[in-house]
Structures are given as structure tokens and as C-alpha cells.
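We begin with a single chain expressed as C-alpha cells, specifically the form predicted on its own.
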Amino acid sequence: MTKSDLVEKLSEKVTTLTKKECEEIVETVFENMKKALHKGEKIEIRGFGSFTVRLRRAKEGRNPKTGDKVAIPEKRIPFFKVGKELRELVNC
């Protein structure tokens, strides 16, 4: 499912809104989620799951072409933990 599919489903469900208004709602939700994760905040959607940011520690890797050692710096990565209801729904 893509963002445009979400907009389409929302506009079908809420007939009082135009497609453009539905697109703005979906875009606003995603923008606010991105901003919250950027600030290091946790996003929890009950029954669906939670989004957090985790710190991946620095490590040493290798250049696949030359075999030389390469320092890989630590970085923050987004992480999703699936909620119980969604996990059970998927596993049915």
C-alpha cells in the first residue's frame, strides 16, 4: 500500500472531505511522525505498534573491493516494534 492508496481509502471512507483535503491529512500525519522521530520521541499507535529511534554503535567494516578496514560511525536509525493486535492479525 502506498501513500496515495491511503489517501484514496480515506477519501472513500470520509465522503465529506475532498481528495486534496485527505491528501493534506495523510501528509500532515507523516510529517509530524518524522518530526517526532527526528527529535528522538517515541510514537505509539495502540494495536498497531510503536516507532522509536535507536542508536547503532560505531563499528569497523571492510571495503568489499579492496578489503581495507573502514570505520563506520555510529548513527541513529528508526525502529518499528509491531503491536500485539497487529502481530496476531498477521499470524492468523
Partner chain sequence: MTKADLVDIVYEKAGLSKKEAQEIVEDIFDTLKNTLKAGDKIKISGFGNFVLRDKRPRKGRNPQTGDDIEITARRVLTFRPSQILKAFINEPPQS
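Numbering follows the first chain given and starts at 1. Small disclaimer: the values here were computed from a predicted structure and weren't measured.
Although not depicted, the form predicted in complex with its partner chain is the subject of the following passage.
- The shortest heavy atom separation between residue 14 and its partner chain in the model of the complex is within 4.5 Å.
- Using a 4.5 angstroms limit between non-hydrogen atoms, residue 29 touches its partner chain in the model of the complex.
- Its partner chain is not shown here, and in the model of the complex it never comes within 4.5 Å of any heavy atom of residue 67.
- In the model of the complex, its partner chain lies farther than 4.5 Å from every heavy atom of residue 72.
- Contact residues in stretch 43-69 (any heavy atom within 4.5 Å of its partner chain, taken in the model of the complex) are 43, 44, 45, 46, 47, 48, 51, 53.
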